[in-house]
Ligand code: NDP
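Okay, here we've got a single chain as structure tokens, the form predicted alone, with questions on binding and movement later.
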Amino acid sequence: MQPTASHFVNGAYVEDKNGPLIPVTFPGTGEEIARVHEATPAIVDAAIASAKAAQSAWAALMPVERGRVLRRAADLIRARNQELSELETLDTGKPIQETLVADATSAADALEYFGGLAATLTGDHIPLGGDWAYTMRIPLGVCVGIGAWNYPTQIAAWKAAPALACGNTMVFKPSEQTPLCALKLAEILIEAGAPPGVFNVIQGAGSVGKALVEDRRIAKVSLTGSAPTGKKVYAAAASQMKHVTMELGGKSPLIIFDDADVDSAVSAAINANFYSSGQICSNGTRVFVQSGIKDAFLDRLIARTSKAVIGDPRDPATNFGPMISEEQLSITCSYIEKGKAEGATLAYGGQRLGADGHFIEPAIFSDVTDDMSIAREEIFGPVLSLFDFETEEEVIKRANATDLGLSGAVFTADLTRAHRIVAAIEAGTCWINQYNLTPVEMPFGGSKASGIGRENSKAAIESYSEIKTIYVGMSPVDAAF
């Protein structure tokens, strides 16, 4: 299943060994499993030129034909879910029991959804007395997608599906840490009937992303990444008035009232902090628990977390795998040390495990205060910070005391209060008595420094198309002279 070359351009695998080597390592052992070459300027130019050349013909297809291509690709992904999930596990280190249900399947859902939506993208008729106007929804042109390493297959499809449904073409750059999976998506789209050039994949780090973003042939940039990276990419795109979607980081609150179902709330806290070894942008890493149930909640959380099966992510029994890299593991370890040094109590875990691979125990901190580093800064690792609170007004104020606003959630049996809380949380995506479910039918994205624009649902169509308005005069034109 491994791709046969570094890049996929104009419908075929392409290699240029003049680009620097990028080793691909398996996080479970640290061993090298593949090598790709970073895109040279020639590869970057070829990918953009290919997308540019293909775009007008792709947009001119009947929308239902574009939709059929996407739906066929969805079927192919589902048929190959096992092997695609195995590749994702090798690429990311996520447990196979997770990738089988959350990665390629989510990509297939996106392709199916937007494939079905393609033929419905119509304009409006506007009566104006004797005259009238109408609107057309038109594609933007060539789009650039820049992916993160935590969900390489899903992110590639979340960007490609709405872009292609609208009649755009795309050049996608995956994270240099997880370069393999997006190439398989490009391969599958060609097999499903996409013309060459419609979806291209090239490899590289920030310099390649910069070249893509700054190229004048690019109409739109969609980035999934950190808030600092997003600000740089947004500024570069804005200098040429490009359309953007920015899905960035978070430091999200998970608020649990004393009338909540404690077992469900503990499950949510586990999912919101330890799924994918904590490497999810929307994670609820600030867990606010009303003081009356804090001790019982903490006891149950520790008991449940201690049952995590940590090990080889290729083993179906493993449900907590390694982190993506030694660098990300070191960052996480440094925050654990900061938490202890600043006075938080490490109530559970946080120890590095083994000499091979990038493994660490899930970490649970109690006695955390709002000014601590672990409370304010995105860690992107399995570190849960537990806070207590007394009143609704207090917890809303504390939950919103961050520049980030990606997600948030509330657990309570009082649904009136639940709706009141989520209305007050300054975040783009919220859950009531649930956490981190992101079906393609639902818009996903952040507020404040967590991003701009929305992925998925009909809202994504707005990010990959624009309205053209046509006024139709039905009478002679008068003029003052």
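Values in this document were obtained by computation on a predicted structure and should not be read as measured data. In this text, residue numbers run from 1 along the sequence as written.
From this point on, the text means the form predicted together with the ligand, which you will not see here.
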Open or blocked, once the ligand is placed by superposing site C-alphas in the predicted bound form (3+ ligand atoms within 2.4 Å of backbone or C-beta means blocked):
open
Interface check vs the ligand in the predicted bound form: of G123, G206, G354, G292, the one with a heavy atom inside 4.5 Å is G206
Have a look at I396, V233, A269, I188 for me and say which one sits with a heavy atom within 4.5 Å of the ligand in the predicted bound form.
V233
So in the predicted bound form, does any heavy atom of G93 sit within 4.5 Å of the ligand?
no
If you check in the predicted bound form, is A148 within 4.5 Å of the ligand, heavy atoms only?
yes
With the partner left out of view, is S385 within 4.5 angstroms of the ligand in the predicted bound form by any non-hydrogen atom?
no
Decide whether Y335 counts as a contact residue for the ligand in the predicted bound form under a heavy atom distance cut-off of 4.5 Å.
no
Sort through 356-364, 218-226, 102-110, 124-132 and report the only stretch with a non-hydrogen atom within 4.5 Å of the ligand in the predicted bound form.
218-226
Would you mind checking 369-404 for residues with a heavy atom within 4.5 Å of the ligand in the predicted bound form?
E378, F380
